[in-house]
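In structure tokens, one chain follows: the form predicted alone.
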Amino acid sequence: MKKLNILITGGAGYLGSMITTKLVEDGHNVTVIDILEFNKTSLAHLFIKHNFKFIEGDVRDKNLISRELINKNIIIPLAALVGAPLCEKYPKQTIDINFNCIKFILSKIKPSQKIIYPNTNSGYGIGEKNKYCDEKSPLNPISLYGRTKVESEKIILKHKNSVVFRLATVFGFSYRMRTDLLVNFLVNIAVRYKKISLFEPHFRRNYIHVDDVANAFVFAISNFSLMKGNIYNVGLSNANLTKIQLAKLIKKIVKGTKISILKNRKDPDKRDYFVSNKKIEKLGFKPKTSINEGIKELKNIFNIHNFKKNKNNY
């Protein structure tokens, strides 16, 4: 594979630390810009690598971004405020980072420079009960987070040298761990307290392991000419599950877990859909880590490490 110069904003985050690691290990020259708000050491294992460069900086620093865009073959803009609750808490910063910074990057890059952008399939909002959402399904983002990501997707696709992923709900261990994501959160609670409390248990989601998200980016780089100008759902096709189905899978692996349903609470994140991943599967990409394997991984990790507690956003 040709060695490329790659810029990743937000490359020290949950997705970014995994994607960055794979691309550095593949021999690419990778530059990461990250403000390091949540974890100072998620990329520490890469500082010995000669093909890795880290810049502690803010994606809103236009001079910094303009300078670092020069001579980059690929830009992966990951820097964002992520998740409905966080974005509702900081609406101005959300719009600035999730949309305006993307708009600025697009204004500065050349037509030959490539972009791989991670959207969320939460943009589908509430899907039809007996129909899977595919890339042609209408977008109906419910949260500010979903709306800013969808608007960024629209302007990115105007740059012909682009690939957009609509990612399923991500789970699994990362160098910058998050315990607020649905699978991670429920497994953590099951391990700690041997109980899972759910509200609106019929809500549906699609899931994917964080390592497979990183693999999808590697796949896109290798197959860019085939994929450019297109949107791809990226998830485990056999992991379209309701919340209660997910909880029952966790119960089988974390023995002794009890499940209770809270009928007087509403889910602030109203997304409810199943997703088709056939488009990218037809090109040859399929995730490797099953939902059961991910639950077992998380169980083992939470048994030995008590991560900082995150608020239950579900």
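Since the model is a prediction, treat every value here as computed from it, not as a measurement. The first residue of the shown sequence is 1; numbering continues from there.
Missing here is the form predicted in complex with a small molecule; even so, the following discussion is about that form.
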Exercise. In the predicted bound form, which of the listed residues (261, 70, 36, 283) lies with a heavy atom within 4.5 Å of the small molecule?
Worked result: 36
Exercise. Which one of 163, 105, 181, 196 is close to the small molecule in the predicted bound form, taking close to mean a heavy atom within 4.5 Å?
Worked result: 181
For this session: Specify the contacting stretch among 105-113, 74-82, 237-245, 130-138, defined as having any heavy atom within 4.5 Å of the small molecule in the predicted bound form.
Result: 74-82
Exercise. Just to confirm, residue 176 within 4.5 Å of the small molecule in the predicted bound form by heavy atoms?
Worked result: yes
For this session: Answer yes if any heavy atom of residue 60 is within 4.5 Å of a heavy atom of the small molecule in the predicted bound form; otherwise answer no.
Result: yes
Problem set entry | Proximity of residue 294 to the small molecule in the predicted bound form, heavy atoms at 4.5 Å | no
For this session: Flag residue 123 as yes or no: does it have a non-hydrogen atom within 4.5 angstroms of any non-hydrogen atom of the small molecule in the predicted bound form?
Result: no
